[in-house]
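Only one chain is given next, in structure tokens, and it is the form predicted alone.
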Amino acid sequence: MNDTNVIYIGQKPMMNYVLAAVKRLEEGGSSVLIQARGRSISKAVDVALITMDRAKGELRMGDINIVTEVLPGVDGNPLNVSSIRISLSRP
């Protein structure tokens, strides 16, 4: 997967990410990867579903990877952070 086809979900409004995914697919990309951590996971799922609805059947949901990453916390203790990667591609 090309790094330009990865959309990292953060604090911006949801439709910003949907429009970014649609734009990358219209520019000739055959797939897009939506990636989020922590509290942004629910927004990533919504972005994937809205993007699929806007594509009107032209996209398929591919692999969905869910992992827990161990990151160093502010106080130095390990912190478990969940993350998700959702792949959307044209058939």
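Since the structure is predicted, the reported quantities are computational estimates derived from the model, not experimental observations. Residue positions are given as counts along the sequence shown, with the first one as 1.
One more form of this protein exists, namely the form predicted together with a further copy of the same chain; it is left out here, but the text below deals with it.
The shortest heavy atom separation between Ser82 and a further copy of the same chain in the model of the complex is within 4.5 Å. Although the partner is absent here, Arg39 lies within 4.5 Å of a further copy of the same chain in the model of the complex, judged by heavy atoms. When a further copy of the same chain is considered in the model of the complex, Val67 lines it closely, a heavy atom lying within 4.5 Å. Proximity of Ala48 to a further copy of the same chain in the model of the complex falls within the 4.5 Å heavy atom cutoff.
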